Every structure is written in structure tokens, then in C-alpha cells.
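Single chain ahead, by itself, as C-alpha cells, in the form predicted on its own.
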Amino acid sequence: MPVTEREPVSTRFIRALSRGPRPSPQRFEAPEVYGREAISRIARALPPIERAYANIRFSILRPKLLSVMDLLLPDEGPILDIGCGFGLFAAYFGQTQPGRRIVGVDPNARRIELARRVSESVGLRGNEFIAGDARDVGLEGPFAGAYVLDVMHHIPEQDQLPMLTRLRDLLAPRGVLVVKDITTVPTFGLEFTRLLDRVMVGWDEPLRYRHHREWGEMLASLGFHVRMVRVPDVLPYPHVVIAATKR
């Protein structure tokens, strides 16, 4: 019986290296319906006043709406959170997909400190929070994704396009930017939202709402592939969710 000559160990070792790392197995898991337990853990981690605010925010951005955005964001890698506040959504999206590392930015240092505490309380050790203005604070990309939830209409009109341009430049190729904002139709819904915004931020801060078509045109002009959906709500908020993929 002929003897088969074995391939040298060194050759087999080199071949194994050339194959590169094996891809991690895909996870097929579904969080409990609409992530309600994730929301409860976040609220319990906050002091009483901030907890009341969190309950209001989660009543506006309902779990069903959050689930839409959750599916649009990459399920792993660094994700940028613009205007993260107390870290509510960083903690939410971090819990639903543990492979994400959320980097939150907010100009308020106290909110940033609370965001750190919330993330640690729900067991998310890899999240990072930076105090500063997202328009010029130092950030190291590239990011697999980014999201801006009800923040764009609080940015002055002349800074909105530069802000979107900066986010594009921070994203990796094929990175996804998710923008949740308020469209301008129907008029009653817009005025309802404007009134609540004024209660929250006062009458001096400029507010610049745009029709969802305007947001789409701005993002497309920056080279994004844009998809969007208007999400109906029990309350008359004219929600629109935009997914912009960097080409």
C-alpha cells in the first residue's frame, strides 16, 4: 500500500493564516417584545427627576419606534450617538445588541456623567461618553453607524448641513446614519410638537423643522443612499425615520 507523503507543518500553518479569521457565528435572537425590560432597567438607574424625564422620552419614542431604528443600525461595532443626553438610547441600543459600542456626545457635562452611570448600571462597560458640541468636538472614527434622535431641528439652520457632512465623514464606507426627526406635515402635528418643544427648551432657542423630503435631498446631496418611513403614533407627533447609507 503506497505511503502518502504528509504536507509539511509549516505549509499547513501558512495556509491556515492565509484564510484569515473565521467569521463569528451569526446570532439569531429576538429581544422581548419591543424591549420593554430594557427600558425599565434604564429608568430604574436614574434619579427621580431624570427618571420622570426618561419615562416621558420613552412615551414619545415608543418601543415600537425604537425597534424600527434598532433594526436599521448595525448590530456591532462603534455607533455614534449625537445629543445623547442621559444616555437613554445608548443604554437601549446597547442592550438590544451587545456587540455595539456606543459613543455618546452631549454638551452638558452633568448629563454625560449620568449617561456613564446608566450604562454601567445596565451592564454596558464598553460605552463611551464625551462632553462637547457635536459640531466640533474631537471624535475618532470611523463609525459603523450613527444616530440623531429628535436633535436635528434643535441645530441652527446654517449648521444642519455641516453637521450632516461631518457625520458622513465620520462613518465607515457602507456606514448607516439613522435620523429620527419631525416632519412638517400635517400642520397640526407640527404645531403640537413645536408647543411641547417650547415647553422643554423655552422660547429663545431657535427651532428649524424641515419636511422629510428636504432631509432626504440634503442627505442625497452628500452622497448617501436614503430610505425613509413616516411612523404613525397614538399622539399626533409627525415622526419620520430616515436611514442614510454612506456609499
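In this text, all values refer to a predicted model and were calculated from it rather than measured experimentally. Don't overthink the numbering: it's just position in the shown sequence, from 1.
The following text describes the form predicted together with a small molecule, which does not appear among the structures shown.
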Could you confirm whether Ile79 comes within 4.5 Å of the small molecule in the predicted complex, counting heavy atoms only? no
4.5 angstroms heavy atom contact with the small molecule in the predicted complex for Arg62: no
**Report entry** 4.5 Å heavy atom contact, Asp150 to the small molecule in the predicted complex
**Finding:** yes
Can you tell me whether Tyr53 touches the small molecule? I mean in the predicted complex, with a 4.5 angstroms heavy atom cut-off.
yes
In the predicted complex, does every one of Leu164, Asp181 and His212 come within 4.5 Å of the small molecule, counting any heavy atom? no
Contact with the small molecule in the predicted complex, heavy atom within 4.5 Å, among Val105, Val122, Leu114, Leu139 goes to Val105
Answer among 95-103, 166-174, 70-78, 127-135 for heavy atoms within 4.5 Å of the small molecule in the predicted complex: the stretch 127-135
